[in-house]
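Consider the single chain below, provided in structure tokens and representing the form predicted on its own.
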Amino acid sequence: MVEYSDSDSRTLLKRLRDTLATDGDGQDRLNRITHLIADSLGTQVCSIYLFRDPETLELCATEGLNPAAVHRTRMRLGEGLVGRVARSGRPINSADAPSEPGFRYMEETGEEIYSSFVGVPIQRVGEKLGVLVVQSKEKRSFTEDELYGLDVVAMVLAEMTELGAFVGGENAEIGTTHRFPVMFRGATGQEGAAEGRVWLHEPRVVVTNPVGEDPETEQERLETGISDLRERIDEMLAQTAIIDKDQRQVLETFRMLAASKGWKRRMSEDIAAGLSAEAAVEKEQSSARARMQMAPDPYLRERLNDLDDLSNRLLRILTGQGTDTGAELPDNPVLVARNIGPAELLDYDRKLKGVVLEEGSVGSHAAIVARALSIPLVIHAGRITSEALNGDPILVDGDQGVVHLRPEESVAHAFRDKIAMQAEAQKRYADLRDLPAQDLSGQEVSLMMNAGLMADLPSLYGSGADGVGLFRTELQFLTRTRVPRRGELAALYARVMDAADGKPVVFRTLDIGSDKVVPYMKPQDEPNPAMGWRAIRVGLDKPGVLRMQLQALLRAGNGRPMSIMFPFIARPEEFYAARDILWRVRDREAQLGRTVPEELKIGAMLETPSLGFATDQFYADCDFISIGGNDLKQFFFAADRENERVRRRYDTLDSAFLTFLERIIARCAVSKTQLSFCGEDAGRPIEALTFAALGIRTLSMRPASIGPVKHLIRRANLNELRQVIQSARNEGQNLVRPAVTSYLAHL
């Protein structure tokens, strides 16, 4: 093989560009390209393998191997040297390929006479598209310069593959992974099912000119783009008044990366080799991603997100492609994003049919808003932003945490049947709206709804809820860039009570911290935030904020009966301290001549096991207690509800957990304290029915769950079910779910 140089690379890329510009279908282009690369590099073989589906590579064109093997030779991801390159995203350079681990001889290709092998991945920002291979008869290792030249060529092939340059002819069904059905298994953020079209929150940047005409011009474009990028970062950093510590650290990291001489040098080398400025940025982004994904250090892998963000900002500057591409929101849009804040999600209002996130959590701001908007949400759908394109058909199964992108018709048909069945069930539930949740023995259960936005309130009557068992007041803090004014909050809370029209509303005071960090409050670097500085702990440490919110609530009531609940009470002293603040605020409001509530109920949210063992006096002093099932369950079982490996391992209908609930039920019965259960499990019919059978007669859930829960309660006998549960435990069953489901099967 001849010595390779930048001028050779530029010449090859220009010939490659000219070849791509000529008429012909995708197969013709691939055939000409393999001939061109083999001729330019002086090798006997050049082959291009592309993905037929996400797990299968296919030989799509070759110069030097048996032409009859094209479209016949296939291998699985990880199989043979080509499959190893595709899986790892890293080159293989061997002077003696048959001796390499995992080598697979393809008899139909006639490759047995070729000893040397170089395979480089064809990938775009970590997205695997195929493998470029060159082989020669003599045993020799290819130089770093030669490998670099092939890497540059592979970059151009990746861009052209993305643009569909190789689709057509014999190759009609392959050439881009964006043509295949893909299923993503994530996690449930919000239940429900939706069919629609993809709407990318941050559209991919499309590089349409990977080959540069003039290296000097492209270098100037890169310099100008980096300078513009640095100025924009400095401008954001200058806004110190509205930037918190976390945001500042991210921007400081951006500034450090943007000033990196190594980053700029590598992109300049790519431009010298013949790439355009934007292609050079993307090549470095892809290379860095491949390097950092292999790093065992989690800090380095985290920096990958920073580098991606920075590179995408620079690409948008160079291409002029902002986040607003001019595309119109499709009918039935399903938002796809890496992550999204609550304010951004609310900007879409109720236009969205569903949301799919690569990141997120079940307690994230986006999940809270999705529940408020009653749209299905799937989180942890890894790499979907790289795979999805605007307008792609998509199915979101929030119940199972599954997403089907570009689904096959059989899958879509089955999914539509599921949606139709759910819609039919909702019609049946609508007939129950004005009927009580009364079991066959005449016992009645109060079904309340959870809310957090004014947009939730129409569901109060549409669902048949008896009231609002939990109004999350933190959403008004999370969706703003500053602390809300007292008057704004008072007006909002008043509108909530007006919309409830006399039905009870339980307002929970500010529950922030853990995964709910307001943008204008200094974040706390805590190793275990779920058990850290959050909820009432924040309120008691910042009494000014708590007092302001309590003043807003009392003024909103304007004399009407009110129920106020303090979150995450772990010790009675915390409840008493918060109650004292509320009493002082009430007395002060009265002294100022304002009308205070004629009836003020003060309650605690029981979310920690410790409160189950509090004194009898505490239970007597609470007007009501609401069991916060989501947090209580994770602390009871020591299983992080954000951790998919453990959170599904523990069942709510575990005998130990139910025994603990019975302890709380008994203590509230003795002190005549009102008791409710609030959380995801309250909206699951089997769990809800079990809670009611144990004696919890108020359940608070999302509006869509009220119909199914009421339907099941009206079919069951709570006395019979309680006996079934007790019998199962007497028999030593650690899980009562089988006994409960067996009972329900005979209804």
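All values derive from a computational prediction rather than experimental measurement. Residue numbers run from 1 along the displayed sequence.
Another form exists, predicted together with a small molecule; not displayed. Remarks below refer to it.
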Original post:
Counting only heavy atoms and a 4.5 Å cutoff, which of 578 to 586, 263 to 271, 601 to 609, 416 to 424 contacts the small molecule in the predicted complex?
Top reply: 601 to 609
Original post:
Taking the small molecule in the predicted complex as the reference, which of N630, N332, Q674, Q443 has a non-hydrogen atom within 4.5 Å?
Top reply: N630
Subject >> in the predicted complex, the one of D511, E284, E191, E159 near the small molecule [non-hydrogen atom within 4.5 angstroms] >> reply: D511
Subject >> Contact test in the predicted complex: H380 vs the small molecule, heavy atoms, 4.5 Å >> reply: no
Original post:
Applying a 4.5 Å heavy atom distance criterion, does C678 contact the small molecule in the predicted complex?
Top reply: yes
Original post:
Can A279 be called a contact residue for the small molecule in the predicted complex at 4.5 Å between heavy atoms?
Top reply: no
Original post:
Closest heavy atom of R667 to the small molecule in the predicted complex, within 4.5 Å or not?
Top reply: no
